[in-house]
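Quick heads-up: it's one chain on its own, the form predicted alone, in structure tokens.
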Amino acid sequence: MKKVLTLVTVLLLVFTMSACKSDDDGVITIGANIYTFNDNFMNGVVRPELERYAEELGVELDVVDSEGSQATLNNQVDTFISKGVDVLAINLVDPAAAGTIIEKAKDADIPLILFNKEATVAGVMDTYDKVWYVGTDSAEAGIIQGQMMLNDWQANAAWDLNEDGVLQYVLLKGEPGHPDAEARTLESIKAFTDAGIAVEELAIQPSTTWSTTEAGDTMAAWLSTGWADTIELVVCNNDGMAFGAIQAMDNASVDIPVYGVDALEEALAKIGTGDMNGTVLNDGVNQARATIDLAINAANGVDILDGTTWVIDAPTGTKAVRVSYVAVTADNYSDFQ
């Protein structure tokens, strides 16, 4: 009788294990978001590559729109956790709220890859051993853009409209508090002051969503104040805002040098036609690929860089993979089209 019971127990165990395997096809599931689908760069470059690359590597990716709301993102993360995703890939709405997302992932023991928006609270990444960041060095874009603008300013004496040797500029900043917006704002103009060139900031306009429309309205307002013959340079912390500024200038029949960041397809085309002077490649394709690569390794519990060519950023220990920016000008824009 004991032998019969033992045999039945073994058969039940085998059946149960087989049933579990049939319910689990072994495909890694990634719960991901974009902070808002209204962002030209995140929705037009990063999201498509996340989806394409995930499909290429045979992983299941569920991408949702957080609609610019951190509260919405928090709820979406709760939903992903309840669904039992293997790993989270999160584009923060509010970088200062990283701790909330990290805590949720830690409590559920789910690996977490933050991408594009870096946590701004010191030490928060160290509170969980299964969280990493994929993005850029925020200052690098501003440094490259600043050097590009400085070189062109020095090569074009006619840009100094009032011949006073001072750069009069306006700046479309982007999302207040965003690490990229803050660093680009600082570094782009610092290139001039470091070179001994005096600058005068006529106006700076933050946006809430890097909005093309808002940037266009802002630029139109600046031009209507009589600055059409005063502004010598339009600095834009992303291409989307540059597009709005260019449209406003077209409407006012003025031509002012303008620079952006991201190297969107439309920006490359505008550089080719001379409507835009330069941009900086924000390599969203490789940010997306690095995010998926790290997510897969995290889900499999292997070294986060296993089988990849990505490199951990030394200053942050073992937490960040940073993708480099590249200057894009009239000389090389076609290389990126």
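When you see a residue number, it is the position in the sequence shown, counting from 1. Treat the numbers as computed from the prediction; the structure is a model and nothing was measured.
Not on display, but discussed next: the form predicted together with ligand BGC.
Stretch-level contact analysis of 173-181, 106-114, 123-131, 145-153 against ligand BGC in the model of the complex, using heavy atoms and a 4.5 Å limit, identifies 173-181. This chain is displayed alone, yet in the model of the complex one of N282, T279, T291, N33 has a heavy atom within 4.5 Å of ligand BGC; that residue is N282. Contact here is defined as any heavy atom lying within 4.5 Å of ligand BGC in the model of the complex, and by that definition each of D39, M42 and N238 is a contact residue.
In the model of the complex, ligand BGC sits beyond 4.5 Å of every heavy atom of Y259.
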